[in-house]
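Okay, so here's just one chain, in structure tokens, the form predicted on its own.
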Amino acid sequence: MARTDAIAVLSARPRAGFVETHFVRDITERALSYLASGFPVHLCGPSGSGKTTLAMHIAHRLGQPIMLICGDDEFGTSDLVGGQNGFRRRKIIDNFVHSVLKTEEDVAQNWVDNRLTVACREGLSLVYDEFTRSRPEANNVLLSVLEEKVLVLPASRNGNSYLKVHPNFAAIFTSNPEDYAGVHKTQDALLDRMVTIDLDYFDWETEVTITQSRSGIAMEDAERIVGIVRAYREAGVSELAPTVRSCIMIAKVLSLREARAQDGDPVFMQTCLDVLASGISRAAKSAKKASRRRDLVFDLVRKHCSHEAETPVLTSLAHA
């Protein structure tokens, strides 16, 4: 991590065991080709579809420092561009003539560039995570940055009111669909300047590989866990569909407690119920709906983890 004008700049690299399947490589290469052509990239998808991880991975592949911004409803333009921060005080004492003491004093506000300005000036890779959680008017400043390659700065900034964007500057945005809570509808003009890659949940191969890599459990157990989570997700019984994070949670607990993904294993059964069936839906308030979710988990465990269950990889990879 480096610092530019007291703002932290990231140097990202893949974590140990980072999973790069064909699915991940395809999205990465597409995004890199758009960025190389001079267009910002927008990764849009549901929670758990790997948007932020992919954005950081793509930024890492660009081979330059990263400026990370996380969208916030309280953001204003100054939170991106910069603003006045504190005061600078100057005092001059003139005692050239021994009997005469002359004092001059003035106070001026300090301007401090914020993250977007630093990224544009220094030619960094900007990752603006969940940018639609910021109010649209705060993001208006991006219009000229992405099209005319000029950052318009407030007149109160000391110096030029326009900043030419560095040629190495690249921008990667992520967002949830507009029906998510806390998400603002962004400007059509801003979306028109981006290449949007719509993401869905990871494919079978990627979810299994991530689950096994992050937990260290046996591949057979990872396949069973992913089979259960994917089937539960496709059943549509929860408003908040489980993602690969649910797979990782279950798998890590099994690894920690030396349990197996088997029908009849009490640790596995209880962990699946806690992760999948307990409170995952805001809408499911009644005992009847809660009981339905629990019954579904029991059914899926029996289907995927009994001795008679088919080997998941043989039946599911055909649909990857």
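Owing to the predicted nature of the structure, the values given are computational and were not obtained by experimental measurement. Sequential numbering from 1, following the sequence displayed.
Another form, the form predicted in complex with a small molecule, is not on view; read the next lines as being about it.
Enquirer: Looking at 270, 255, 33, 47 here, can you tell me which has any non-hydrogen atom within 4.5 angstroms of the small molecule in the predicted complex?
Expert: Of the listed residues, the single hit is 47.
Enquirer: If the cut-off is 4.5 angstroms on heavy atoms, which of these, 214, 193, 233, 121, is the one near the small molecule in the predicted complex?
Expert: After the contact test, the surviving option is 214.
Enquirer: Report whether the minimum heavy atom distance between residue 184 and the small molecule in the predicted complex is within 4.5 Å.
Expert: No - in the predicted complex, heavy atoms of residue 184 and the small molecule never come within 4.5 Å of each other.
Enquirer: May I ask you to state whether residue 298 is within 4.5 Å of the small molecule in the predicted complex, using heavy atom distances?
Expert: No - in the predicted complex, heavy atoms of residue 298 and the small molecule never come within 4.5 Å of each other.
Enquirer: May I ask you to check whether residue 245 falls inside a 4.5 Å heavy atom distance of the small molecule in the predicted complex?
Expert: Residue 245: yes, in contact with the small molecule in the predicted complex.
Enquirer: Quick one: is residue 210 in contact with the small molecule in the predicted complex, heavy atoms, 4.5 Å cut-off?
Expert: Heavy-atom contact with the small molecule at 4.5 Å: present for residue 210.
Enquirer: Can you say which of 69-77, 145-153, 237-245, 216-224 gets within 4.5 Å of the small molecule in the predicted complex, counting heavy atoms only?
Expert: Contact criterion met by 237-245 only.
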